[in-house]
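So here's one chain in two forms, each on its own in structure tokens, numbered structure 1 and structure 2.
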Structure 1
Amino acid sequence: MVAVTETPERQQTRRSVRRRGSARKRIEARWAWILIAPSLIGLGVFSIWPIFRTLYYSFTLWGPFGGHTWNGLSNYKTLFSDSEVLRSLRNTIVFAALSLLSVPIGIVVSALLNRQGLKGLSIYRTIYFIPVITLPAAVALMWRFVYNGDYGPINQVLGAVGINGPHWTSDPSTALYSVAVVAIWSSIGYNMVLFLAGMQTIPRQFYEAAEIDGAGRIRQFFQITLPLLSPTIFFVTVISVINALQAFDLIYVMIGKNNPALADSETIVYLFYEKGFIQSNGGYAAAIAFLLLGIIIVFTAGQFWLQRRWVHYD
């Protein structure tokens, strides 16, 4: 309001403030690089450079005594005519599709746990979550016993009602499904935690309003919970598929190398490990790793494309 005349002193302070500001910016930028450097170097050495290295390897042929020679696209050509690769691809996709069953189960469990005034929530949550944090190798060993064809509890129970159960994890027709059941069982708790967190962000008033309108529990679940939870459902589905496409631990321990069912249950990552680290065929393994990347991208992109039809954001 009052015209301020620029006195020399004022100009002086303004200039020095600006100078101090840019000095601060420079110090800030320098510190930013110092703080990021360890991670940047670490990831550069252990992740970013390896991606390009693996890409290069995927075009090479590895000799039995180390050393590799440029081989062009031949690894990739073999990939699509190799029956072992195609079978492991089929196994992986079937396994991933089956694993998705843990999504609806997780939703139902969380919906049951998300009731106001329900006692024992944290006890249930603990019990359902324990398989998630149990050593996968231990889980696999435990289930191998449960599935054992001769003395395993499942077949003994089946035997009691006159059914002769198969050797679940060594019969080619059941092995993959048996492992998938364990994968579903051990991820329910993880999904439950995510769904419960999602459900707790849904405002109570919606349910109260629905109740006044006379909508029952089931209707509320389908009309309120499911649509408002759809972003979480989408996220969990994407993560579950990505994880399942990389399945390895359960197959490695529950099936194992000398198993007659291996061919019908080995996954892409199992094949990658087998080719790269047992048979020392790093070039081919690298190509298999890129095949896996391609599949993950295709499936994730597909889900993002589909989400427009069913995921509601507010």
Structure 2
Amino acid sequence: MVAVTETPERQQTRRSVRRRGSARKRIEARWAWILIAPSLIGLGVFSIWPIFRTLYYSFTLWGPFGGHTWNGLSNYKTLFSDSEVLRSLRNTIVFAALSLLSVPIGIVVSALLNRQGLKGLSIYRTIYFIPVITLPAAVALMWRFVYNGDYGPINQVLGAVGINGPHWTSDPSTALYSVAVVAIWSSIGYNMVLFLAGMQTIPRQFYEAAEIDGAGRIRQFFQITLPLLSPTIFFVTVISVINALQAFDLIYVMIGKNNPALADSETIVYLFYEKGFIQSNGGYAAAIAFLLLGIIIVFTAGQFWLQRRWVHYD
């Protein structure tokens, strides 16, 4: 083996190349920070700072004219003995559980729309996606008409067959379930787009091999589509639960503050709105917001822990 002796010129060239590489990396890093700075500033001002501000407010007692004083853990102690909070929490969890029905419905609809050669496919997809691009207030107002106990289409049909339908959104026994149906209906289109995208990434070779082995469509669905779609199902489930736990607009428009069914359909976010913006009790409302944040973190962490048992990434 012949030893290579570096000349002073080669050493100088190597140091020069190293300096140019380091200078280029510093310039790239500087530009990277410049380009992401607006996003970081926006994230800090509009997301992170309000979180810490709300946390501070949750330890304060607000006066009638907007001033506030430090009162320690009093708001949090009151939370867990407040029947209104516990009732709205129960309503929120029931509403979230019902809203999850949009996941299996979205999978079935996507599987039907994913068939090769289906006529009018783009029209069906558009029809299902229309509620997603419609304003929630408009959706809620339309369903208020549909649910109307006197002249709504549902009760008109029921009346034609001799059934006296209830006042769907003002009856405490049906109000929460009626709103949940609207939430399911309006989220199917969004879920469908994600499931369709996931299904179209599954290689056709799997289905061709299954057909050669004699597997029917239903068996292919359960043994190929669902396992390979599990990452998308997991993502949609996490997003659906978070959105359902933050439900407000449908309750606000369809139920309203003077509705006799409000107590049995009020969600935790609606209670936050009522305490913070109607009763001007900002400290207690902030504590409710952090209670909701804790619930979302627990549910999301639980889903991430469970996904190791049923989500397949290979």
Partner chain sequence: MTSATATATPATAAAARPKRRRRQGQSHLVVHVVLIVGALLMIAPFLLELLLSVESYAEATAVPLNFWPGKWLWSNYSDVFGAMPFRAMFVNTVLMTAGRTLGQLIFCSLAGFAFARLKFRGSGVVFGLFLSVLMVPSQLFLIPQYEIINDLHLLNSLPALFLPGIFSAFGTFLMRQFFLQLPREVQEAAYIDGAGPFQTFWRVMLPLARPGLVALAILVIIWSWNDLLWPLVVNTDPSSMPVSAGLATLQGQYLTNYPVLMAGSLMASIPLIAIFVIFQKHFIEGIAFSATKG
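By rigid core we mean the largest C-alpha set that fits within 1.5 Å across both forms. Bear in mind that the values here come from a model prediction, so they are computed numbers and not experimental data. FYI, numbering is relative to structure 1, first residue = 1.
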**Fill in**
In this pair the form predicted in complex with the partner chain turns out to be structure 1
**Message:** Once the core is aligned, does G44 move its Cα by at least 2 Å between structures 1 and 2?
**Reply:** yes
**Prompt:** Does the distance between the two CA positions of K257 reach 2 Å or more between structures 1 and 2, the core being superposed?
**Reply:** no
**Request:** After lining up the core, report the Cα displacement of I34 between structures 1 and 2 in Å, one decimal place.
**Result:** 3.2
